[in-house]
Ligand code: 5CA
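First, one chain by itself: the form predicted alone, in structure tokens.
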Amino acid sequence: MRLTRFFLPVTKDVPSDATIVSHQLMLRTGMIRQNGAGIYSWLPLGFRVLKKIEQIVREEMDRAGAIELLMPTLQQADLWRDSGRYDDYGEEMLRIRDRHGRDMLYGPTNEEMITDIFRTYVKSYKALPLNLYHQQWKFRDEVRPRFGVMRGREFLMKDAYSFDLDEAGARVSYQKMFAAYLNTFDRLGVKAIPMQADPGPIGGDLSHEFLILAKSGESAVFCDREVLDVPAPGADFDFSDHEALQAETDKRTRFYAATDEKHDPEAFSAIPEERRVEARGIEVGHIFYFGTKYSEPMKADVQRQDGQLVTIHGGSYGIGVSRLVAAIIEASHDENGIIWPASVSPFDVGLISMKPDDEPVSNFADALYERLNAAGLDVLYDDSPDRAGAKFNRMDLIGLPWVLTVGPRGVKSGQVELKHRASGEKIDLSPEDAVARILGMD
């Protein structure tokens, strides 16, 4: 994509209420535009990151055996009356009426709707276990929406819902999501720590939240440093191996890790002092096993092999897709701007033409642009007439992993300058070697 044909409204002006780094940088880079309190338009640069995160989440859910569907944003209130949550949920729920006077709501979550889908179509144990998920916009009418997309009123969420014949099966489904979340966050380039959590309004007796360490985190985090060194299960993990699932869960839950809500000072003090970590964390995922909390009042029963009807056991698994954009920035930036992990960067590489009005420079840069595209790389090509300082600052600000610079001196020697954004390392290379370095082939 040529910069002269792209919509990238970079600005130096940041509203005074943008108090955290991610909110400031998302506004400065033109990733988002506020439409109202806690409600944002996603502009092209931000939308690219959002879609990359969404795709990684989708791939890991699919690999763990979940099946994607899509549920609407608006829900019938009667479903929530069936579960008993319509009046209990509180003022965060946006309640509305259609032209016929029917009570409706803008969904803050989907336990009721997915249970209704399940009870309509699934009647036999033969269809179990089953895990259905979607990625959809939600609305919660926060009293004080703040921190940009970190705590907005409208947000993109991945929700998965498992259905099992009994508690034992439901706990296996829970462990699958536990392992899938570890792989998901690893691919997103962040370290998310699973911590025992309060299930809140979702309900249930087993719950973990996943937090990324960041100075701006809303939660105090207390953990054993060794939990940070446990690797993700990996791409070759076998989700059908129940023993491996239990082992992956045990690897982490054997270490102390808690937010302030669940913190036990006595247990924490028993950890060797050099291994104690006290920090701030941003919640990016939350998983729950809630048994028959929804299936019982909503009569989601299936027939067992012996012919008896039983109430299914359920679980709920959420990832804050839009929140992750901000959380990744909070965890990965410097004084010059964002530092994107390669897996979610809006473009793979930036290409700067220092003198687009100079024919030899322009031809060299155009040829390199075509070479990068042919190698399967997504390129943001700065062919603008801006001054060099503005070009370099803009590339640092938007944080692409690699930046190639073509100038008159390099054209004469047949070389380009390659910069690695995270380390700041710069090196002059031939175009062939530069492409190979970006692709990790040298």
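Numbering starts at 1 and runs along the sequence shown. All values derive from a computational prediction rather than experimental measurement.
Although not depicted, the form predicted together with the named molecule is the subject of the following passage.
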Site check Arg140, Tyr161 and Gly285: each within 4.5 Å of the named molecule in the model of the complex by heavy atom: yes
In the model of the complex, Tyr317 touching the named molecule (heavy atom, 4.5 Å): yes
Contact of Ala192 with the named molecule in the model of the complex (heavy atom, 4.5 Å): no
Phe237, heavy atom within 4.5 angstroms of the named molecule in the model of the complex: no
Partner contact for Thr109 in the model of the complex: the named molecule, 4.5 angstroms, heavy atom: yes
Option touching the named molecule, based on a heavy atom within 4.5 Å in the model of the complex, out of His333, Arg151, Arg119, Arg252: Arg151
Sole residue of Phe178, Tyr125, Phe347, Phe155 within 4.5 Å of the named molecule in the model of the complex, by heavy atom: Phe155
Segment assignment from 142-150, 337-345, 220-228, 302-310: heavy atom within 4.5 Å of the named molecule in the model of the complex: 142-150
